[in-house]
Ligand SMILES: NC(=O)c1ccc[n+]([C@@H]2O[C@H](COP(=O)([O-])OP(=O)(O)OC[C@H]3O[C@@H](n4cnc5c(N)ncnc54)[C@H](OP(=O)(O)O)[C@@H]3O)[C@@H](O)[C@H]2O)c1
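Presented below, as structure tokens, is a lone chain in the form predicted alone.
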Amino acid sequence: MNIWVVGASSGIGLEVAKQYAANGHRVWISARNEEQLTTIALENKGLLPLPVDITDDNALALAVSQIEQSGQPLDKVIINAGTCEYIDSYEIERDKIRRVMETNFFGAINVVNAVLPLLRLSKKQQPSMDPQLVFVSSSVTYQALPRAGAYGASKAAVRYFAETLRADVVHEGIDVRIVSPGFVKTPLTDQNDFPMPFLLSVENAASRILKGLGGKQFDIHFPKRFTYSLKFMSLLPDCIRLPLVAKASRHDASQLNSSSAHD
């Protein structure tokens, strides 16, 4: 099987790529840092470096052409590239939101636009096999949480888009999936300054993803103790749910008072 993992220089994406390669698959790994990807590929058999900036259409077109030149059908694309910035201040930091949305949502859309022709060609070449298009979202989309306005909104947009896309391309035999992890120990989550319940190792998370993508489940979410608790919270009446969520806020009333004093 020929797989392209976008966002594979570290964390979940890299471990997913490694596990697929260990199972004998051919895996292209993408991120912006070409040197880092080359080093990873040299150390891991079956991984092929394919540097790309997913916010750059020309770079994506070049990456796709390299896959086409291999002469191999593309069987699976995993869109894992992402970033996270939390919003702590009283003032809404629009630049943070734009940066996160540009990578997590618009970047994902750019990849989809680039790979759909390859997945359609793969289906034509291998009628008995449904090529997969996988979006890595987040369990935070089940319930809005404080400080996660930028990250959560971007991942919620990814989820909505993926479900919409699936409704259309399922008729073409393209298998769209969502992955919704809880907290996983990665370089990105190492920056978090708050407790992360049910924190999983990246190896554990990747193993769950591979197992899920080998089955029939549309939304592969884990760990269940965490994801089901968020889903349950989202079903509570607003008069109970919203005050519970607000208790986790870091809102500082002094910032509001300071802002008002300067008006």
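Residue indices: 1-based, along the sequence shown. Since the model is a prediction, treat every value here as computed from it, not as a measurement.
Below: the form predicted in complex with the ligand, not depicted.
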{"item": "4.5 Å heavy atom contact with the ligand in the model of the complex for all of 10, 138 and 155", "value": "yes"}
{"item": "Listed residue (176, 184, 87, 114) with a non-hydrogen atom within 4.5 angstroms of the ligand in the model of the complex", "value": "184"}
{"item": "Contact residue in the model of the complex, chosen from 31, 47, 67, 206 - any heavy atom within 4.5 Å of the ligand", "value": "31"}
{"item": "Any non-hydrogen atom of residue 53 within 4.5 angstroms of the ligand in the model of the complex", "value": "yes"}
{"item": "The ligand contact in the model of the complex: residue 129, any heavy atom under 4.5 Å", "value": "no"}
{"item": "Heavy atom of residue 188 within 4.5 Å of the ligand in the model of the complex", "value": "yes"}
{"item": "Partner contact for residue 81 in the model of the complex: the ligand, 4.5 angstroms, heavy atom", "value": "yes"}
{"item": "Segment assignment from 162 to 170, 116 to 124, 129 to 137, 69 to 77: heavy atom within 4.5 Å of the ligand in the model of the complex", "value": "129 to 137"}
{"item": "Residues in 98 to 121 close to the ligand in the model of the complex, defined by a heavy atom within 4.5 Å, in order", "value": "103"}
